[in-house]
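In the structure tokens that follow, the same protein chain appears in two forms, which are kept apart as structure 1 and structure 2.
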Structure 1
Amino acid sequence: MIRVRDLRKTYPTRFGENLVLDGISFDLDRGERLGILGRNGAGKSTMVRLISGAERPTSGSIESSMSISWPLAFGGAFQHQLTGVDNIRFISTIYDQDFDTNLAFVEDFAELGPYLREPVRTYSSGMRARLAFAISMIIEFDCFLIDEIGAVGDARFHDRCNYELFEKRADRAMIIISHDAAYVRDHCNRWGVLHDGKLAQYDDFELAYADFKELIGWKPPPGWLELQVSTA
């Protein structure tokens, strides 16, 4: 169980304090997958960073009896001068895990072939994404934080990621941020809309999405209704 209470976060800017999160509270249990919608700059990633423990809130509390992952954003936390293997060894040591098992898993999952032994800076963005995701999967967490995962990679890679996350780890808690509403709809069982520092929560995706569309000022393009009718 993760218990978030009255989470507030302000950042100092040249124009005074900028209030990003203004009293966020929610609980998250195993098996629950919370999808967060919000405009650019609404504070989604900030909220995830606070929950990951990488950053401290200005006030409020996050209590957890579960282990929480780092935010699984692609292209993330590795050293680009080092090789893929070096990065796997580093993460394995940090989390006190068996290096050989992890190496075997990443070799199989990321399909980087000999590039696994080359510096990460020589990788394409798709290759980095595969390595980052594979490394994220070698450490078992109770709660996964997923920040915009659908951004890179091909269809085959997406299918493999979805299988690892939502089938093999269906019993874990997850917080998922995405601008891809369909992704959030398909993979979550609770939803939230973050706006003006507040989090509105929903048990029904359609309600959440309707509010979200209103917030971003989404208007149907001309001809939208006819299209809807004709495909229905």
Structure 2
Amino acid sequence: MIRVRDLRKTYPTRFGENLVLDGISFDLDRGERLGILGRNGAGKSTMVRLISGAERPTSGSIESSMSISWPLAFGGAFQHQLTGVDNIRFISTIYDQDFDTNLAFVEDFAELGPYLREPVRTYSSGMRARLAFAISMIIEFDCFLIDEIGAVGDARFHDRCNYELFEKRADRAMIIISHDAAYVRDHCNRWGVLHDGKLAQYDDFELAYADFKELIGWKPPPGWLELQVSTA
């Protein structure tokens, strides 16, 4: 289980402290998938980084009896001066994994070709994300943190990611943040809305999505209602 209690995070700015997360608390058990909705800048990625250990909270606590991944589609854990192959070797050593087996999997999954033997600093953001996802799949974490993985790669790559995560690892805990509400709806069994530093939690996606749209002041574009009626 992951236990998050009264989590707060502030960042200093020239105008004073910027409060991003304000007293967030929740539990997450194995097999639960928590989807987080929130507008840009709401603190979704910050929350994921705190849970992963990439950053420290200003106050509050995060306790876990499960192993937790780094944020998928996040390349910050890489040594950018090293090649993709050297990063695979480094992570394989840390987690006591077989390097040759891991290299073969990443070569096949990430489909980076000769770039896998080039320094990661030369990669595009999409290439780094593909490498990060592939490397994440060679480590059998109990909880996966998924940060906008739906924005990485083409439809075929999305299908492979979804198979690895949601079919092969259906028993794992997950925290998923995405701008794609349908992705969060389809792959989660719990939902949260992060707004003004607070996290409201829901067991029903439609309630969560309705509150999210109201909080951000979403209004349907012209002709939207007619389109819904015509396609119903």
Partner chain sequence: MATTPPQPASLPHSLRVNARIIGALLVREMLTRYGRHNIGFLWLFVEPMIFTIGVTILWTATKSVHGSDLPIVAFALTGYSSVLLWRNMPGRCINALWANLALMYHRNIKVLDIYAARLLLEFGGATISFVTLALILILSAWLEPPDDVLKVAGGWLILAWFGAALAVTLGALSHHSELVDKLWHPASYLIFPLSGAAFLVDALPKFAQEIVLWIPMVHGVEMVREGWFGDQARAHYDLGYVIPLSLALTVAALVMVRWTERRVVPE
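The first residue in the sequence of structure 1 is number 1, and each one after it adds one. Only a predicted model underlies this, so the values are computations on that prediction, with no experimental measurement involved. Note that the rigid core is defined as the largest set of C-alphas that superpose within 1.5 Å between two forms.
Engineer: Which of these two, 1 or 2, is the form predicted on its own?
Structural biologist: Here the form predicted on its own corresponds to structure 2.
Engineer: By the 2 angstroms cut-off, has the C-alpha of F141 moved between structure 1 and structure 2 once the rigid core is superposed?
Structural biologist: No: F141 shifts by under 2 Å between structure 1 and structure 2.
Engineer: Using a superposition on the rigid core, decide whether the Cα position of N162 changes by 2 angstroms or more between structure 1 and structure 2.
Structural biologist: After core superposition, the displacement of the N162 C-alpha between structure 1 and structure 2 stays below 2 Å, so no.
Engineer: T83: with the rigid core matched between structure 1 and structure 2, does its Cα shift 2 Å or more?
Structural biologist: Where the cores coincide, T83 still shows a C-alpha shift between structure 1 and structure 2 that is 2 Å or more.
Engineer: Quick one: how many Å does the C-alpha of Y123 shift between structure 1 and structure 2 once the rigid core is superposed?
Structural biologist: C-alpha shift for Y123: 5.2 Å.
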